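One chain comes next, on its own, written out as structure tokens in the form predicted alone.
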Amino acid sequence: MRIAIDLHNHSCLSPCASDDLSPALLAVEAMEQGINILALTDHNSSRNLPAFKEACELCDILPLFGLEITTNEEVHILTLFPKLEDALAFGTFVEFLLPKRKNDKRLFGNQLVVNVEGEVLQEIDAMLSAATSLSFSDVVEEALSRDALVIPAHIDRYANSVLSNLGFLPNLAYSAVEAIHLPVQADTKDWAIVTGSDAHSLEQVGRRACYIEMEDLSYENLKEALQNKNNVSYQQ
């Protein structure tokens, strides 16, 4: 079956995202656009994932519980978990490895934890957009050991990508790689290439969703389908 997936999105917890982009509105907009598997991947934090889980259940969407990790080389990597509790544990681990620096919301934006109704529960002081102390390979190995999908983000972007910051794509056991523009002008070997919206506002949700052929709607089948790059197709 052909499944619409969007594995890279932010919420009002990410300082660079709109305060109006709650996890619930993300799920509702994705539902309206026919997306079947949706990930929330806020910067270095998992705190809005409980509301995201509730919203996806209401919208009949399969959620992936993610974080977009910033490595010490300033490279972004998507880590996507099938279970909320595993993502929350990884989020606690990652936040501990952030520098002890406060967010300046006048410069970078608010960092809002909300419930499924969009009510603000907490504002996070730590600077979530900062680089962690984890290296690129550390993130890949640690997340894989916790049964996450690991996807280097927007590898063809001019900043915060593995190609721009490291100059090459290390030969590691990624689940896939994410690109903005196709075809990618780099050696991606046999890794599946996915496109993701990287939505920071409501109107960006679904803008770069893609499709994957899989047997049925489950995390395990998604993981297996990503092993063959020919299973992935793209919006026209």
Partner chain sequence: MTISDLATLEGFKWATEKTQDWEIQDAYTGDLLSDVMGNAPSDSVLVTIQAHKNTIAVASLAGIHALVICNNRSVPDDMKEAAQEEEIAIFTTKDTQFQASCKIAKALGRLDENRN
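Residue numbers count along the first chain shown, from 1. Note that the structure is predicted; figures quoted are calculated from it, not measured.
FYI, the form predicted together with the partner chain isn't displayed, but the following is about it.
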Worksheet entry | is_contact(Phe96, the partner chain) in the predicted bound form, heavy atom dist at most 4.5 Å | no
Practice prompt. Find out whether any non-hydrogen atom of Glu74 is located within 4.5 angstroms of the partner chain in the predicted bound form, and reply yes or no.
Written response: yes
Item to complete: Would you please decide whether Met127 lies within 4.5 angstroms of the partner chain in the predicted bound form, comparing each non-hydrogen atom pair?
Response: yes
Practice prompt. Would you check, heavy atoms only and a 4.5 Å threshold, whether Arg106 touches the partner chain in the predicted bound form?
Written response: yes
Fill in: Segment that reaches the partner chain in the predicted bound form - one of 78 to 86, 117 to 125, 158 to 166, 134 to 142, heavy atoms within 4.5 Å
158 to 166
Worksheet, complete the sentence: Contacts from 1 to 21 to the partner chain in the predicted bound form (any heavy atom within 4.5 Å), listed N to C, are none
